[in-house]
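This document starts with one chain, in the form predicted on its own, laid out as structure tokens.
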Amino acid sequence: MNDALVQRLRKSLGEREGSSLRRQLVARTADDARVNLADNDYLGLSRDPVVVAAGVEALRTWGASSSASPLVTGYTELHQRLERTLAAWQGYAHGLVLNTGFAANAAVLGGLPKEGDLVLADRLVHASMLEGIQASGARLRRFPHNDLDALELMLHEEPALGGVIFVVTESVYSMDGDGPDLRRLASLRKRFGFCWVLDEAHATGWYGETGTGMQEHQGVLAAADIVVGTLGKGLGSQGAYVLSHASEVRDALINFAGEFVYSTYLAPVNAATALAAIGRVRELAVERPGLQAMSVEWRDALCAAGFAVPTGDSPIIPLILGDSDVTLRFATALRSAGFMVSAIRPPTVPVRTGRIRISLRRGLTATSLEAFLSVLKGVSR
């Protein structure tokens, strides 16, 4: 191996090690009995009997792989049914399934904006969105997190363009668990005519009468021009999708997005489990208010115990501890006490905002909350 390369890598990794920021892979076992407060399976659908049965049947019918890129033979009738189901469910005319949420965001924002266009993006949009924007050649301006006054000012400041203005937001932010006023964003879109790209990944299943997400919850279903969502969070499967009102968006991705064109496609089993999960999400309408109330209860209890957490009712609660060493100390104590948690540190989050990202899920009990609080109170800060 080239020695100069090895030394350069060693230096970079050593810098991460010295600041408690070096990441390591830890294999999870199938029989891990800890209370899971780390993953994004908010509704527990990855192990739902109906979803699992659909996957088993798809494995028997289609095998374990799509075995080709979608433009060869990888695109099956299951994928087609899934994209049509997703689009109709969320109020869009067109849908396309991709392999991952990162690929979907990078494809949309790396391919649709062009040089001469302007992208106005929330300061905390996901790394996949930012990577796509930066690769697009479009000019980027970032507005303060969830500050729609600042966004509106930017829209007024910008002169008439020959190109397109894109506004890029999420509905629930993955590290903070908060989100913008989508009704106001929909109103701004009508006034200024920008193309609104919305990531609904962490809202699907948790919000909305039928579980489609925050647009439905806030009464502006299908207001965004383009929605990116994932199958691997609330839907308990794997993969991602892009929904749009214009067929040209779907066709452009099929023709020009390398993330779609050049990879072996999502396995049919994932399409089948996602289809089954959508049915289950619809059936859980009566439980959604209780899930949101549970989030409020956890937040109130954490505040009462002396920890600063933001208000809200999403499944994501950021327990911000600041220093990376302190964050690791809390995470270690919680893991030892039977809680599966993740210590989120820079560069995933801004410097000095290290946190335990609490990820709530259907089926948590009051006993879990009491035990969690007991561990936190016993760790020195």
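What you see is a predicted model; the values in this text were computed from it and never measured. Numbers for residues come from their place in the sequence shown, where the first is 1.
The form predicted in complex with a small molecule exists for this protein as well; it is not shown, and the discussion that follows is about that form.
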| item | value |
| --- | --- |
| In the model of the complex, segment of 198-206, 303-311, 263-271, 244-252 with a heavy atom within 4.5 Å of the small molecule | 198-206 |
| Selected contact from Gly101, Gly236, Gly177, Pro180, since only one has a non-hydrogen atom within 4.5 angstroms of the small molecule in the model of the complex | Gly101 |
| Heavy atom within 4.5 Å of the small molecule in the model of the complex - residue from Gln218, Ser128, Gln90, Ser136 | Ser128 |
| Any non-hydrogen atom of Thr230 within 4.5 angstroms of the small molecule in the model of the complex | yes |
